[in-house]
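Single chain ahead, by itself, as structure tokens, in the form predicted on its own.
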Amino acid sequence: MVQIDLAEIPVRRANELIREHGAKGEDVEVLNPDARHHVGVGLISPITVRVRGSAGYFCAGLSDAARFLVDSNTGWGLGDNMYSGSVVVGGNAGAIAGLAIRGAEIVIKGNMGSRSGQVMKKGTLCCCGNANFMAGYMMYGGRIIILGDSGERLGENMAGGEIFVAGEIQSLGADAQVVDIAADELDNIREFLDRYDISFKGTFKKVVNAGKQLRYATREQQVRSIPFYHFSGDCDYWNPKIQEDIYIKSQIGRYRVRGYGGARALPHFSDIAFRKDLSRAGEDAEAVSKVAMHTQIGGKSGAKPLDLTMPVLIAPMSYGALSASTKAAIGMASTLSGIAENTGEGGMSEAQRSNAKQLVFQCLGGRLGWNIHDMNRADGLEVYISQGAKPGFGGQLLAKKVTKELAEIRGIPQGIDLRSPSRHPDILGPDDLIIKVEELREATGYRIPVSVKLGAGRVHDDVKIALKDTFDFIELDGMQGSTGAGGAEVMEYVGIPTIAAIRAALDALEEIGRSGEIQIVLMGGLRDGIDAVKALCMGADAAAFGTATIIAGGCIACMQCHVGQCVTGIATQDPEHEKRYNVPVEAQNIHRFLESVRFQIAALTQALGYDDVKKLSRDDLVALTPEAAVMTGLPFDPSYRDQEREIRSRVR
């Protein structure tokens, strides 16, 4: 057994050595761990790692196949997102032990902290002592065995899986119930305990999901399709849309769920204009070759940055909200245009990875589809905090879209109304987030950038936290962004417009003397290259397109994304609907749209007098409305309104 002494080398080097020895099939003994964080994260070799002492946060996290033996105690997140393999802890484990495990076996000889087994998908978490409150919180599958007492609110909002308690159940969580236990289940538990040399002769109580909150109690009937450009009604008050909302809420007794984004008029990029004479913009057909647009995003911490032929990315959109065919087409188009795609929250499908040359892998609170193997084949990682359409809320994927394949990728029960957690289990504040970011970097050998997605809410504070927590770049999403499904009132009335978000972000960095130290990708309702140039002028390092991308690929904006019966085959998982989507044709359509964006960026940059997009600045802009002037800090000059209309009609 190879010895690695943490009194002599840092954890980063120790993990490199553990992986190197693992590749050779050599077992490892870790000396003097002294509760250091991240011991063994990212290990994917079937070796034994013996930790001689106590380990800190995320011991054995993001690993697969290895066997960990910890002599004493562990901190938060023991075995975080572990696939196969096992961990045996001789003492106690901190909060969220067994977080999001996908098949591993974790045994804790002492007590375990709060929310252990949160969002776990598969495998066994065994506690020989007592569990703290909310064990099994939002678990989707797997098995928890507690030989002592359970703590309060056991199985809170669990959607699947089983919890077996030998001691006292202090209280049950929402939608949890005690049921009879079968003889073969008891035999299986005893076989498990014998395998780990755990002596126990008592009996158990079994807790499962009660099935009362897995789906909305009353289904919202599908209504007529109203195109997005008419969705807010023809007048401001008692229009047909308002009347429809009132009637449907009277029938279902809750808020309405829909896709897309906010439909009411808000200050946006059309309320900003270029202050220079652009009457000749677009006349030079060779503008693309004369303007430097090559952009690298995410190299701040030494990782390999995303390498973009222009300052444009595809915004995060999940396989689940969108069909596999649509994700394949978007991936193809991103490769053809030399930019980067983003998985969104639903895990990484083969359709995405095989078609996108550069792919960012997104991590959400539910850890849906999150795993070390896809992390290792990603080109960037992204921690989702929130999105512009619903800042502070988790995602929703209604049962019609939760097919067998989607359920397997995400690690959830099939056919439930999936409501993702609104926050990460292991991030309760900025300091936790630093440790989480470091875990992701440790697991992937510091090779790829780690970004954060922020829905525009408390931008002034959030951007400072993102800088402190060492992210490589920020994806900042204004409230004009869209979603696959969410509460309608949240989309319309929560969040901050995109043009206000970028101003707040840059002001925050300037306030602490850190301007330019973290890159910002702006998204949230950007429609074309004209909007992209305005975003760059306002201080963004790149722009991202989401809704515009799917419109270019065939979306008809019928506002029925959440229903699962998209007639174009885009926002659906139904095979009969999806087969209408012609992947090669739509990939070319999206690619042509992206190339039109490229030309618009080049033509406008050239017309503004620059040969490099990095020379664009706020001095090139004016505000056309008082509201936009206040939000952006740009000078108010409505005399440029006619020029703005002319540019949109000419520079296509």
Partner chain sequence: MCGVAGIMFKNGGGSNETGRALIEMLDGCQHRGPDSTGFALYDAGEDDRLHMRFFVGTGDEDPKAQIARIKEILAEHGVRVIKEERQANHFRAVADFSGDIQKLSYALEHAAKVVSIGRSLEILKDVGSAHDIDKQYDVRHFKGSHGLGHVRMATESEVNPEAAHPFWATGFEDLAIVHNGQITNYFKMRRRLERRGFEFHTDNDSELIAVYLADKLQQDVSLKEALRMSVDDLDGTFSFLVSTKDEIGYAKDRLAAKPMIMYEDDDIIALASEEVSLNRLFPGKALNTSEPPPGAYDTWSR
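Numbering follows the first chain given and starts at 1. Owing to the predicted nature of the structure, the values given are computational and were not obtained by experimental measurement.
Omitted here: the form predicted together with the partner chain. The next part is about that form.
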| item | value |
| --- | --- |
| Partner proximity in the model of the complex: I465 to the partner chain, non-hydrogen atom cutoff 4.5 Å | yes |
| Contact test in the model of the complex: Y57 vs the partner chain, heavy atoms, 4.5 Å | yes |
| Close approach of G94 to the partner chain in the model of the complex, 4.5 Å, heavy atom | yes |
| Any non-hydrogen atom of H37 within 4.5 angstroms of the partner chain in the model of the complex | yes |
| Stretch in contact, per heavy atom within 4.5 angstroms of the partner chain in the model of the complex, of 421 to 429, 256 to 264, 528 to 536, 172 to 180 | 421 to 429 |
| Residue (of G161, G365, G569, G113) lying close to the partner chain in the model of the complex, criterion heavy atoms within 4.5 Å | G113 |
| Contacting member of Y140, W76, Y384, F473, with respect to the partner chain in the model of the complex [4.5 Å, heavy atom] | W76 |
| Residues from 437 to 462 in contact with the partner chain (non-hydrogen atom within 4.5 Å) in the model of the complex | R458, D461 |
